[in-house]
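Just one chain is shown here, as structure tokens, and it is the form predicted alone.
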């Protein structure tokens, strides 16, 4: 296990380096730079002075080597857009995305897994209805889902239509701030959770249906174990293997930020920060956001593998062998 963790750590570091380097290169190759994205208020001379002050007039090789020499010490430079260190800015927004991602995962799990177990072990109109809803959930793009939920919230007033807290949040006590946050979280979390819940339902349904036909499940039934207990104690843990593999991808995707959901719902997370950085051609901020997203993707995969080892007895038996 120690060797496995070290291998995964090395993979994560390589992934972070490659992804952040690629993000820096692609942003540099995109038309325009930070100076040209500042509108019409700057004269030609002022733009050139800004480029020289920020080092934008240097070659990409010189710029990249300077950035990489600091990045290996986890110093991703200064944001041109916010005039703040990239590390602190990304950390702040990543925590906001973490709140949204954790709630979305909880919603998706609470909805998708039970429905998948039901549809994979039952028949009739209930199974058919769940399958239809899951197909719709997977097929609807996040943009449409987010806009539909925002429209519903605006019409009903059930939830705030955007933001992480209300405008008066700065004057609230700690308990009032938590309550205010709890009112703002459900809408963007559901926008992220619905397609994930639909994917979990389909995968869990197929996996538990296949696991229910295994010989050890039939043997437990022959020993007198009732059907529900046999499915939950024997078939379900084995069926979690492909489901947990999907969790690794979902965790990385969520923590790296969802552009559409965070932009539509005005959630101040990592995806929204990346979007603003790309619009402004803020090279170092784009690289920092990409590095954080890659790190979370690697961490999500590792978490999924560890959960798999804890839940599937065949994996633990293979490790001992």
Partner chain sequence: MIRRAGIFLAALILFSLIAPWLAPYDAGRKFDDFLHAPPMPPHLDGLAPVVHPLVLADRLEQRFEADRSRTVRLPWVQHDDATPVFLLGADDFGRDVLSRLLFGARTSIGLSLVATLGAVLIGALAGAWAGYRGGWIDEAIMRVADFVLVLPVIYVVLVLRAVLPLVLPASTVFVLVAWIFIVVGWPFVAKGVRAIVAVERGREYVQAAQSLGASPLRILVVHLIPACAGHLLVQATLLLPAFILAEATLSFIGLGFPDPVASWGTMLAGAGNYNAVARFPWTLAPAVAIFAIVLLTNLLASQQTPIRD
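So that the term is clear: the rigid core is the largest set of C-alpha atoms that superpose within 1.5 Å between two forms. Predicted, not measured: the structure shown is a model, and the values here were computed from it. Numbering follows the first chain given and starts at 1.
Although not depicted, the form predicted together with its partner chain is the subject of the following passage.
- Note on contacts: among 113, 98, 238, 138, the single residue with a heavy atom within 4.5 Å of its partner chain in the model of the complex is 138.
- Interface residue among 104, 231, 150, 199, judged by heavy atoms within 4.5 Å of its partner chain in the model of the complex: 150.
- In plain terms, the part of the chain that comes close to its partner chain in the model of the complex, with a heavy atom within 4.5 Å, is 205-213 out of 175-183, 205-213, 69-77, 238-246.
- When its partner chain is considered in the model of the complex, residue 18 lines it closely, a heavy atom lying within 4.5 Å.
- For the chain shown alone, residue 292 is not a contact residue for its partner chain in the model of the complex, no non-hydrogen atom being within 4.5 angstroms.
- The shortest heavy atom separation between residue 30 and its partner chain in the model of the complex is within 4.5 Å.
- Its partner chain in the model of the complex is not approached by residue 129, whose heavy atoms all lie more than 4.5 angstroms from it.
- The candidate site formed by 6, 9 and 299 is entirely out of contact with its partner chain in the model of the complex, as no residue has a non-hydrogen atom within 4.5 angstroms of it.
- When two forms of a protein are overlaid on their rigid core, residues whose CA moves 2 Å or more are considered shifted, and residue 153 is not one of them between this form and the one not shown.
- Once both forms are fitted on their rigid core, the CA atom of residue 140 lies 2 Å or more apart between this form and the one not shown.
- Relative to the superposed rigid core, the position of the CA of residue 104 differs between this form and the one not shown by less than 2 Å.
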